[in-house]
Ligand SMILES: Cc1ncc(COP(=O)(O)O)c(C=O)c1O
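Take a look at this one chain, the form predicted on its own, written out in structure tokens.
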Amino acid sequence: MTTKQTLDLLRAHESRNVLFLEPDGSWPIVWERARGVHVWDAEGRKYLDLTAAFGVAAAGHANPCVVRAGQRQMATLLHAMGDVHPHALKARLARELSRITFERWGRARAKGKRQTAKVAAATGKVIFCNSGFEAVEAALKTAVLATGRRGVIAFEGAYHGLGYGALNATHREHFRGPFRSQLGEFGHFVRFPGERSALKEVAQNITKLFRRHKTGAILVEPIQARGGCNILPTGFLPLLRKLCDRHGALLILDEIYTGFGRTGKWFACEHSGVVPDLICLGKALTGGFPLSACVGRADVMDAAWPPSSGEAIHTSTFLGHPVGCAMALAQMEEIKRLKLCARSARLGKVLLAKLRSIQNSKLKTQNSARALGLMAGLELRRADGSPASAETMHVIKAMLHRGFILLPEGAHGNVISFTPPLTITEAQLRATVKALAEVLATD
């Protein structure tokens, strides 16, 4: 079908709140196929994807090894019975997620002799889910079962998904407002510290919340992706770890966007050496299949969840789907084989330097760049300091017509986000920033 035919069908038969359609047809494009770092639309036009489709395609779109793993599994066992009759791949993936998180972190900290015996000996246990918000909700359930306290501390600008549990910790009113009457309102929000100097004040506010409310967890993204690529200042995660330990609460890290090499390490928490109690994973886990996971330290999970009596109290039809498990195992092998964590760290520095170089007196906006690995944002503001929301969208559309796929992020939509496949080349990044500089200077 042509782009128009597809969009006409969606306009007629999909909820009108899902897809934004420009009346002049300039947005969106209709994806036909994708491979590596490129996407082709329904008319055959080729684009460089700087989004990795919301960070999913970390090892490249349609990575051949990941695709083959999925195809083989589809031909063997297309579906299983999540919480009743298991399959081997679910067991293998649970083991690998334990190894790559709590077991690896324990070994790393043992070398520095800074760990407690509990952390050094830890293994992980997994609850498999389908989407990112489900992994967050599994973590929230774990926290209330383990601590007996319903409250959760989250941060302004946070995005943890749109399910009714996750919405209690998702900050933006755009998402929460229409459904507030049905929410449990167990989330309490603290200002996101933009710089290290704000840590003392934030710590004081968190301490007050612990005193006022029965709080069982702190939930945080190491980098707020949809919040506008907001990066936690140095020392903040260690502070949260300390506060959780002091008040008997669990530290939950939402690494759905930042996991699997995106920030230059397997997981963003590794930049600070902080070990969470629970970590939520998704997006790049499979490279393109709806599978997510809540991985918790084994003693925490066992304290929270009773042995099954034949009827699990948290499950789903597609729990630990065999095709997703096969693709996840292949995806992690590809990230290792291609050394994508190191590649992300190296190219992230190049990208940040190039974005910061987009400065001259002819620009209509004031720009500031930030990045950790290949997770970067370029924030656009007007001369009076107000968010350049309309200008940002104009730039993103202009870049799309030049063959570059980008997204706006942040509460005001004034941050141009960069989360490309980790297989992108330095030359492709340079070409992107060069085109961006031209658009900013002329449009």
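Counting begins at 1, following the sequence as shown. No experiment lies behind these values; they were computed from the predicted model shown.
Although not depicted, the form predicted in complex with the ligand is the subject of the following passage.
Screening Phe128, Trp105, Phe155, Tyr257 for any heavy atom within 4.5 Å of the ligand in the predicted complex leaves a single hit, Tyr257. Here is the short version: of Gly161, Pro322, Gly288, Pro193, the single residue with a heavy atom within 4.5 Å of the ligand in the predicted complex is Gly161. Contact between Arg226 and the ligand in the predicted complex is found at the 4.5 Å heavy atom cutoff. The ligand in the predicted complex is not approached by Glu137, whose heavy atoms all lie more than 4.5 angstroms from it. When contacts are judged by a 4.5 Å heavy atom cut-off, Gly132 counts as touching the ligand in the predicted complex. When the ligand is considered in the predicted complex, Lys283 lines it closely, a heavy atom lying within 4.5 Å. Stretch 218-226 is the contacting one of 218-226, 145-153, 172-180, 336-344, since its residues have non-hydrogen atoms within 4.5 Å of the ligand in the predicted complex.
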